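A lone chain, given as structure tokens: the form predicted alone.
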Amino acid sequence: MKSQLFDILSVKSKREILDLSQKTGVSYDMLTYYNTNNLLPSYSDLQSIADTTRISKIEIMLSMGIYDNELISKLSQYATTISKVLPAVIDDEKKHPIVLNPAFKTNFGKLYNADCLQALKEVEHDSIDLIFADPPFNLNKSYPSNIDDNLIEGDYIRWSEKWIDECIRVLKPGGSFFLWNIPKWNTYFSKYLNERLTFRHWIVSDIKFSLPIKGKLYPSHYSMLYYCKGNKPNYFNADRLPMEICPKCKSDLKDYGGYKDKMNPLGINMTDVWYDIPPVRHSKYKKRKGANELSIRLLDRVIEMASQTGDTILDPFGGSGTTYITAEIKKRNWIGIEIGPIDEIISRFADMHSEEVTLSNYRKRYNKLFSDEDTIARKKKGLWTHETFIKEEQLFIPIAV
């Protein structure tokens, strides 16, 4: 377990902190800052603290659970010796396995009403094609499950690493893993995942909802980590998006370098910045009371990108069930886990037709340069469409003699 700086240095009172500050030359405010945020002191401060307390930099780093490449290299050199002195770790859940039964089943999926760390142990090794995880963000929000969403930072990261490890275990070679979170936490998780899976993308989803926040930039995006198990994913096929045009006059918003005749009639390549998937905030569209939920458009995009019909999808944090309903519509097998109430998830399947209509309307716009409606409108206004250049090319086809 990680220790904070003052615990390592046996500093408890304000007077002792002031005394340490005077001896090391590190200000009281900086010492408190390092301790409160569990941050490794900068090089000169760390050296001064080590010299004064006679506690080595290596011991301080190890106790704080903070490593650089030099320390990792040294630990690797003495791995055999270190492993002999470490206590054996006993997994009580392996000694007393818990057998779980699905609380709900459909044609393609099954839903467990349980803690994800328990339910994930029911999933076989190397059995999942695609994992999408949207865990609690540890922002002290109130969830229907009454989970503690205000953990100490170290506890939240340790808990996250446990379920991430289970996800890696059950993911097939070539399987894809998506982790949706705020950027702060994904900076930690990307470091952890970089040592276990192959990085593919850091995807940014824009949030068009600006409010003033004093003293900092407004956080206007979520981040989604995309990794795969092995050198490359077994399947990858991103949708192409329609060209941006004015919603009123239907004219071009970009000139794309003047190469309209070179535009792919199937649409624009998708980038790793997504502007067209706003969060579901309006109560009219929410399927779950008391918490935000993900758009079916987001899960449709992820599922289309990284899976095929018949593949198996896992989401260890069910929430409102968006992953499950989308997987069901798209004929993917799915495994769901939700620790809180699941009635609202189940009720979505009773009204699956409306979800299918919503998803179908989204998909009508993909993989074409203009939607059918926009193509008709542009033709009426005398604007070019992808058909314009096809017809022009046909006028100049040489005739074989």
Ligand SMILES: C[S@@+](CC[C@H](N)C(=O)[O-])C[C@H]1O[C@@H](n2cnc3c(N)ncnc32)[C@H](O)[C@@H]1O
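In this text, residue numbers run from 1 along the sequence as written. Here the structure is a predicted model, which means the values were calculated and not measured.
Missing here is the form predicted in complex with the ligand; even so, the following discussion is about that form.
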task = Specify the contacting stretch among 320 to 328, 242 to 250, 213 to 221, 261 to 269, defined as having any heavy atom within 4.5 Å of the ligand in the model of the complex.
result = 320 to 328
ask   = Just one of I157, I147, I182, V204 has a heavy atom within 4.5 angstroms of the ligand in the model of the complex, so which one?
value = I147
note = Residue within 4.5 Å of the ligand in the model of the complex by heavy atom, from E304, D276, E293, E161, is E293
task = Give a yes or no for P316: in the model of the complex, does one of its heavy atoms lie within 4.5 Å of a heavy atom belonging to the ligand?
result = yes
query = Can any non-hydrogen atom of G109 be found within 4.5 angstroms of the ligand in the model of the complex?
reply = no
key: 4.5 Å heavy atom contact, L75 to the ligand in the model of the complex   = no
Touches the ligand in the model of the complex: E166 (any heavy atom, 4.5 Å) = no
message = Given a 4.5 Å distance limit between heavy atoms, list every residue of 104 to 122 close to the ligand in the model of the complex, or none if there are none.
response = A114, D115, C116
